[in-house]
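Listed next as C-alpha cells is one chain, alone, in the form predicted alone.
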Amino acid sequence: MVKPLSGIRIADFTVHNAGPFCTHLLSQLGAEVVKIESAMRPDAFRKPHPVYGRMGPATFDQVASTKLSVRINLKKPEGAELAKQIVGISDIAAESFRPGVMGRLGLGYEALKQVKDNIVMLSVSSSGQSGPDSHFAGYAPLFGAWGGLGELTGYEDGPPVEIRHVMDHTVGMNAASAVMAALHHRRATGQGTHVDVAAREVAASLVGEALLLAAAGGEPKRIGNSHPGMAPHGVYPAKGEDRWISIAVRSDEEWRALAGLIGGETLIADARFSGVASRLANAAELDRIVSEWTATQDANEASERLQQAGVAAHASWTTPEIAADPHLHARKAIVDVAEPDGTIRAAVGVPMRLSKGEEIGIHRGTPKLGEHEDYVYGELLGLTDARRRELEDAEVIY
C-alpha cells in the first residue's frame, strides 16, 4: 500500500507561496520533494512574521512540511552543476522565478533536458514564460488585480478588494493539476514537457461569467455578498463583538423555514418576500429584517437551528475556532506538526481523502535548512564526505 505519487521525486527551486504550495500538495500525495535553497538566500517564508503576532515562520510549514531540505548556492557554476545532479535523479523540476532567471543560472528547460530528456519542468510566474508582459514581477495581490478577480470582489459602492494568499494557493493547485497531467502524458508517451503556469491567467479563468457578460454588452459589477438568484444571501451580524453568520436561501421552502424562525406566520405571509423575484427586488429590506434577528442570536447556536430547519447557514468562524474544530481534526484536515525548535502546533493538512493506499498528508514537520543533506548528497548522489567538505569550503553547499 503506497501513496499515489510514491516513487516520484521533485527538485524544488520554488520560493514564496504559489510554487511551493504546488509542490507541498504533491509531497502530501507521496512525492519526495527536495527543496533547494541556501543560507545566503533562504526561502522568504522562513523569515519571522511579526504581523501575525509570531516571531517564528508562520507560513513556511504550510508550504514546506514533509519536504527535504538541501543547501545549494546557485550563483556559483558548481552549484548549478550540483543542482543538475539532483534533477538527474528527479522526475520533476519546479521553479517560480521571473522568466529568464533559471536560464541565466544554466538551469532552463533546454539545459535540464540535456540532463534528463523526459524531465517535467514546472515554471510558475506572474504572466508566463512568453508574451509582452512576461518580464513583469508579481505577488498574490497583483495576480487577482491583473486577472480581474479583484475588480469583481467587494461592495458595489466600494473599491476592488485585494486578494492575497487564496490567490497563491489557487495558482498552486492549478499548477499541481497541470503537473499531474504532464506526468500522465510522460507515462503514456515517454516524453517530458515544460509546464508554464501564469498566475494572472489563473485569476482570469475564475471570472469567465463576467467576461461573457462584458462580451455580450453587459457591465459586470461588484455585488458584495449578494447573489443574482438567491435572497437572502449574505453575512449577517450576530450577537457579540465581531461575530457573524452566513446565510444562503435558495428556495421558497427554505425561505419559509427561515421566516418562521424570524417572524413566524406574519413574515411568511409577507407578499414582498413571497417568491425569489420578490425577495431579490426587496433585498435591502430583507437583509435589514434578517440582520435585526441575527444580531440577537449566538452565531453557532443560530446556525445549528437554521441547519436543522433546512437552511444553509453557519457562523463565520475565526481561525482559533477552525484550528480547534473536532471534525477537521478527525478528518486530519488539521494536523499537529513540529516546528524547528520542537514546538508542536496546528497546521493545515491535505484537503482530500483517498479510499486506497497509505494515508496521505503531512507526516513530517518543517525542515531545517540543509537538514537532509546526508540523505540527498550521500545516499542519493553518492558524494563522498571529502567531496562534500570541498563544496562546503567553496561555499557551493552553503
Partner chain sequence: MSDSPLNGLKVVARASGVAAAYAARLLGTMGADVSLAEPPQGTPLRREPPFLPDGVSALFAYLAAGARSRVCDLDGEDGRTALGALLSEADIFIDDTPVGRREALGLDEAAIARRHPDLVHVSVLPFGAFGPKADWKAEDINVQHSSGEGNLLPNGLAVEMFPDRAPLKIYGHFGEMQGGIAAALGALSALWVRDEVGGQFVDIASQDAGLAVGAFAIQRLGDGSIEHRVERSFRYGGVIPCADGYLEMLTLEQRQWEGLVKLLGEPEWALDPALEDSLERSRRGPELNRHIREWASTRNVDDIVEAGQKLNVPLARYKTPAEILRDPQERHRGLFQPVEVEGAGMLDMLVSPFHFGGEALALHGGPPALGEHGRAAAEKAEA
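All values reported here derive from a predicted model rather than from experimental measurement. Numbering follows the first chain given and starts at 1.
Keep in mind that the form predicted in complex with the partner chain is missing from the display, and what follows is about it.
Residues within 4.5 angstroms of the partner chain in the predicted complex, judged by any non-hydrogen atom, belong to 313-321 and to none of the other stretches in 111-119, 79-87, 266-274, 313-321.
The partner chain is not drawn, but in the predicted complex it has no heavy atom within 4.5 Å of D252. The partner chain in the predicted complex is approached by D196, whose closest heavy atom lies within 4.5 angstroms of it. Under a 4.5 angstroms non-hydrogen atom cutoff, the partner chain in the predicted complex lacks D43 among its neighbouring residues. When contacts are judged by a 4.5 Å heavy atom cut-off, G240 does not count as touching the partner chain in the predicted complex.
Shown here without its partner, the chain carries F13, T66 and L381, none of which come within 4.5 Å of the partner chain in the predicted complex through any heavy atom.
A heavy atom within 4.5 Å of the partner chain in the predicted complex is found for one listed residue only; from R288, K75, R104, K221, this is K221.
Taking the partner chain as positioned in the predicted complex, the only residue of 268-303 that brings a heavy atom within 4.5 Å of it is S303.
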